[in-house]
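Single chain ahead, by itself, as structure tokens, in the form predicted alone.
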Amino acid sequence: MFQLLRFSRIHKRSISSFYELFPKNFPNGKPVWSIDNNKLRKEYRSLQSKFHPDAIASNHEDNDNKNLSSLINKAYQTLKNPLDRSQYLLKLIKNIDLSNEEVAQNLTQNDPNLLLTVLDVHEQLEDIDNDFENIKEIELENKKRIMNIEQNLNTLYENQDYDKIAKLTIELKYWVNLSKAIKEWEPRVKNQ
């Protein structure tokens, strides 16, 4: 119980980043790109077992624990996902907000080929009737693209090349959206 109160008191102060919520994974609390998702998940589960309102007896700190549990959950969801983590890091470190469409458009206007490629792949997806092999092929290509971008982001974060990181993060967002479209794809019913 002492550990619970100590951690809860520590986190009543404002935190400067989500990384501070996971002291085992990020002992200095500094933002980093490269993380071990398995270790992060383990620490997340450990923290939720201590602070989730359903896991602890009701007391006067219930509201604080709900807020802390919610914050831990949001931090975990952000840090475990490469796209969300990169967007978060860009906002935190360089105040580049890629959720602002105007900012994203300004960064991508120098690469019209990217948008054309993305639109072309989306069109291919829409044109597929019932060919599950083509879907699997598009899905595999897209997974390779995403993995390649994530590896490149790792190098760019090591080199602190934030302009390229921002552009690559936008590209990652396009391919992640395609991944979602592939998951939602349903065969078209042909008109008789």
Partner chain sequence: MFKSLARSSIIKSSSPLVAISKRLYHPNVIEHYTNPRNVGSLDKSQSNVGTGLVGAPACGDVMKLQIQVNDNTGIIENVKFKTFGCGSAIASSSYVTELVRGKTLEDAAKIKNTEIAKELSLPPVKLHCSMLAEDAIKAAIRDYQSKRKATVLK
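Residue numbers count along the first chain shown, from 1. Computed from a predicted structure; not experimentally measured.
One more form of this protein, predicted in complex with the partner chain, exists but is not displayed; see below.
Although the partner is absent from the chain shown here, 108, 170 and 174 each have a heavy atom within 4.5 Å of the partner chain in the predicted complex. None of 25-33, 157-165, 122-130, 139-147 except one has non-hydrogen atoms within 4.5 angstroms of the partner chain in the predicted complex; the exception is 122-130.
In the predicted complex, at least one heavy atom of residue 116 sits within 4.5 Å of the partner chain. Contact check for residue 181: a non-hydrogen atom falls within 4.5 Å of the partner chain in the predicted complex. Within 4.5 Å of any heavy atom of the partner chain in the predicted complex lies no heavy atom of residue 96. Contact between residue 78 and the partner chain in the predicted complex is not found at the 4.5 Å heavy atom cutoff.
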